[in-house]
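Read the single chain below, which is given as structure tokens and is the form predicted on its own.
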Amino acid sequence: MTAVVETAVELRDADAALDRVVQAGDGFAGVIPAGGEFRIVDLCGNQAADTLFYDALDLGNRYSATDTIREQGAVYLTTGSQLLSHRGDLLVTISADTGGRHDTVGGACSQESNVIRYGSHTRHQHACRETFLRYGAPFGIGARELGHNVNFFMNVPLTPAGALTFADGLSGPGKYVQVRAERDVLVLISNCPQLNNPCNGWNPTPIRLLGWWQA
């Protein structure tokens, strides 16, 4: 199990090539050029930002939670974690983290999983899978291209028996996580609208995206 590691770097917001606020339940898709720094800010605290990473030049080469966990020998993600594709290629490295710990085993919510977990009354609630499909479509991402995701700021403790539990997040207002693109990377985000478990503190809130690279 990975210990909480908090690190920060000094980059000026005014110098960012990307500066965007994503409301709860909305999404984002964009390419981070190799060497670029990309930051996700938890504006209000305790929000889950579900995120997918792809090799921008080969969308079939996408993030793999199983390969990442195996190679780093730890379940949770934090500063220094190298996020690998299922081919073993390095996509991004977490270069700074003031949130402390991030989940990559809990998966993303969908309308179907909401019904199974929380009841039929949740069928028409927004869910991350649908946001991924909506924002991924212009880049050629459909259901077949969806894979493992990272739940930035989400706290999913493992029990001694290996079961997953949802708990209040370790993040807070203004906390952030930052990744460095090790190649041209497509990042696809669903700012989770989940209301039925504590991953968002029962109150989904906006996130802010900042990116530093040569325009």
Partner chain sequence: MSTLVAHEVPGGAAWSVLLRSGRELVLTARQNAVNCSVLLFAAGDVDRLNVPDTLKAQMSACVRAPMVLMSDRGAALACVTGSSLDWHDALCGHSLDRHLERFGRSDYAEHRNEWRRSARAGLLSELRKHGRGEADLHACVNFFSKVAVADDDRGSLHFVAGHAAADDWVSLRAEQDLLVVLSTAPHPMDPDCAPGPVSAQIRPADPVAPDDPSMLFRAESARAIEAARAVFA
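Numbering follows the first chain given and starts at 1. Note that the structure is predicted; figures quoted are calculated from it, not measured.
Omitted here: the form predicted in complex with its partner chain. The next part is about that form.
Participant: Looking at 36-44, 22-30, 58-66, 184-192, which lies within 4.5 angstroms of its partner chain in the predicted bound form, counting heavy atoms?
Facilitator: In short, 58-66.
Participant: Quick one: does Phe139 come within 4.5 Å of its partner chain in the predicted bound form, counting heavy atoms only?
Facilitator: Although its partner chain is absent here, Phe139 would stay clear of it in the predicted bound form, with no heavy atoms inside 4.5 Å.
Participant: Taking heavy atoms and a 4.5 Å cut-off, does Arg134 contact its partner chain in the predicted bound form?
Facilitator: Outside the cut-off, so no.
Participant: Given that its partner chain is not shown alongside this chain, does Arg180 nevertheless sit within 4.5 Å of it in the predicted bound form, heavy atom to heavy atom?
Facilitator: Arg180: no contact with its partner chain in the predicted bound form.
Participant: If you check in the predicted bound form, is Gln125 within 4.5 Å of its partner chain, heavy atoms only?
Facilitator: So Gln125 does not count as contacting its partner chain.
Participant: Pick out the residues of 84-119 whose heavy atoms come within 4.5 Å of its partner chain in the predicted bound form.
Facilitator: In sequence order, His86, Arg87, Gly88, Asp89, Arg101, Val105, Gly106, Gly107, Ala108, Cys109, Ser110, Glu112, Ser113, Val115, Ile116, Arg117, Tyr118, Gly119 come within 4.5 Å of the partner.
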